[in-house]
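Below, in structure tokens: the form predicted on its own, a single chain.
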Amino acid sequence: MPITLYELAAANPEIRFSPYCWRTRFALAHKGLEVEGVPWHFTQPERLAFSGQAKVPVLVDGEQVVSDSWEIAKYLDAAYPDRPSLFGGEAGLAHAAFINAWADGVLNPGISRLIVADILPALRPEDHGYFRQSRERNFGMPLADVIAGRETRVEAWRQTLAPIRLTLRRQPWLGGDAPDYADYIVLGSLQWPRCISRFPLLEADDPVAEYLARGLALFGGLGANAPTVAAA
């Protein structure tokens, strides 16, 4: 029986755009586990009541229910030790924990300030009110003001990727010679705007753009073949 994964979806249910859900998607593929994705929308908290909380991703594996992408990754490594490890041991787990914190605290907030207004028109009409109100409350301003001047501001965001570029000078992946969960964290964050926005965050000659392309080509093009608003 395949694992079930509840994922954030746009009005087009085939467009799954949460960076956290993408972390889990890549992790499951790394483990070689079959998964059945279930689209979930912002105003459907009751559909996740069984998990004891109201956010995705939520993974259901038999009788096991696990929420939060970080907890899901740890669960997968513990539950399927005979399959390729996501962390490669305690040192790798600690390394990935730092990348996880950096992505949550620096990378994702920076992306949100550049694309948040692009998300609204891609959602179901019944999700518009919740999304606008919650995001404008968080930012303290209208969505249009959040992304104002982004064509200029994006350069400052690109500079935050310097640690990734410096790492890629020494090795092909954050995990070393092969990708691990640290890579899936970053790839999930970069896949998010690719799925839900047409605004170009990366320049074509950026080493991070090349890294993203290689990452999206993993697992038979799992990320590269995902539906996006640009292709809709």
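Please read these numbers as outputs of a predicted model, since none were measured by experiment. Throughout, we count residues from 1 along the sequence that is shown.
There is another form of this protein, the form predicted together with a further copy of the same chain, and it is not shown here; the text below is about that form.
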The unique member of 151, 71, 126, 136 whose heavy atoms fall within 4.5 Å of a further copy of the same chain in the model of the complex: 71
Listed residue that, although a further copy of the same chain is not shown, lies within 4.5 Å of it in the model of the complex (heavy atoms), from 176, 39, 200, 45: 176
Partner proximity in the model of the complex: residue 106 to a further copy of the same chain, non-hydrogen atom cutoff 4.5 Å: yes
Contact flag, residue 196 vs a further copy of the same chain in the model of the complex, heavy atom cut 4.5 Å: no
Residue 110: touches a further copy of the same chain in the model of the complex, heavy atom cutoff 4.5 angstroms: no
Contact label in the model of the complex: residue 91 to a further copy of the same chain, heavy atom within 4.5 Å: yes
Proximity to a further copy of the same chain in the model of the complex (heavy atom, within 4.5 Å), stretch among 117-125, 156-164, 136-144, 76-84: 156-164
